[in-house]
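Just the one chain here, laid out as structure tokens, in the form predicted alone.
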Amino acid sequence: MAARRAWELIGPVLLVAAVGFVGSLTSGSMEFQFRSVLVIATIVVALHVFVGNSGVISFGHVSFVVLGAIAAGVATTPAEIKARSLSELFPFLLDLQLSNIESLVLAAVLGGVFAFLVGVPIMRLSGLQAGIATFAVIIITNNVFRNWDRIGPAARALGPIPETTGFLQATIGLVLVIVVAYGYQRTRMARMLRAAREDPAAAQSSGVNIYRQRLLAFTLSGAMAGLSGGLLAHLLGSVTTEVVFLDLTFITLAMLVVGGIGSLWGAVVGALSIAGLNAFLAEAEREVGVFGFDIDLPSGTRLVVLGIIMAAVLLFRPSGLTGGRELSWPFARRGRVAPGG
């Protein structure tokens, strides 16, 4: 039993390590695409911590990502550059200078604090109302960052940001959020939240404080999303509010649904597979060589193919590619249902 439970963590970690290793053998634009796949997967796992356990769809997690990205970017951009291009910043931000790791910690802390603050009122809602409220959060956050140049670059690009998210940092970051997600879903708090997801009335009558458990998961998920934003900023080397907005919101939700919203394994598989395919098709639209053949796809092929795949999965396998199950122990005759399934 212990080996089976450990495999539910070891399996996703091995898959991530394999992707990181293969990516490190590539070069040029493909190397960057592999690193971006790992960072996007970090966002999806963070999203799973809340959505997968609570059953409440959140459109607002990219708000925590953009906060983490801008915080990490402002904290690590050289002071002399900020003095020239971002002179409107608050004085303490102009003087702020952190190392790479310190900026990632700051991004995670701010993401968690922001998630807690917006979660206090929103986590009292359920269903469509909660989804709309979280969507309002991302709209408000985007407009604040796009128009208030005292806390960020506003409509301009923030950079240059030290590009420190190499394969090692991207892989470690993703493994870290996987470990935290796995540890959380094994706690009594996560079990109570999943019980509320399945039958709110029964859970509440059994003494489960649904609001408290949702707020806790939302805060933890927000901190993980903030960390992923810091990784994204150090991957891109430059951040704008448009890069981290609606496109990223819907693609990460789609990855989670395609992989299997109820399991950690599904979040990892959905993120890596869809993000990997998206990255390859993006390169193929600019012509890419594969095993001696040149592939040059028409512009827009990427969106068409991804749309078809996502629609097909939702039509023929509504529970996702993994069926909402965790990775089963390879020496067992039959798999077991995920803790979140």
Partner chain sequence: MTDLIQSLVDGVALGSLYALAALGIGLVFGVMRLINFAYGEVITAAAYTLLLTKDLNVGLRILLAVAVAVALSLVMEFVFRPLRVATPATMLITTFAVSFLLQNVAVLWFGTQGESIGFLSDLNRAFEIGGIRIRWITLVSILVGGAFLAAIAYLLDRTDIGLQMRAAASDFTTARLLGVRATRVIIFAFILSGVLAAVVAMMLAVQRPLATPTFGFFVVIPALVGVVVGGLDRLLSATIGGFVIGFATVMLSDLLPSQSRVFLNSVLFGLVIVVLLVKPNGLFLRGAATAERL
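Nothing here was measured: the structure is a model prediction, and the numbers come from that model. Numbering follows the first chain given and starts at 1.
As for the form predicted together with the partner chain, it is not shown, yet the points below apply to it.
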### Task
Using a 4.5 Å heavy atom cut-off, indicate which stretch of 160 to 168, 143 to 151, 75 to 83, 262 to 270 touches the partner chain in the predicted bound form.
143 to 151
### Query
Pick from Met189, Val180, Val208, Ala136: which residue has any heavy atom within 4.5 angstroms of the partner chain in the predicted bound form?
Ala136
## Note on the structure
In this chain shown alone, the residue from Leu106, Ala203, Leu235, Ile122 with a heavy atom within 4.5 Å of the partner chain in the predicted bound form is Ile122
### Task
Spell it out for me: taking the partner chain in the predicted bound form, does every residue among Gly55, Leu246 and Leu315 have a heavy atom no farther than 4.5 Å from it?
yes
#### Entry: Contact label in the predicted bound form: Thr26 to the partner chain, heavy atom within 4.5 Å
no
### Message
When the contact criterion is heavy atoms within 4.5 Å, does Glu198 count as touching the partner chain in the predicted bound form?
### Response
yes
### Message
Residue-level question: is Ala254 within 4.5 Å of the partner chain in the predicted bound form, judged on heavy atoms?
### Response
yes
### Query
Does Leu117 make contact with the partner chain in the predicted bound form, using a 4.5 Å heavy atom cut-off?
no
### Task
Can you tell me which bits of 89 to 103 touch the partner chain in the predicted bound form, meaning any heavy atom within 4.5 Å?
none
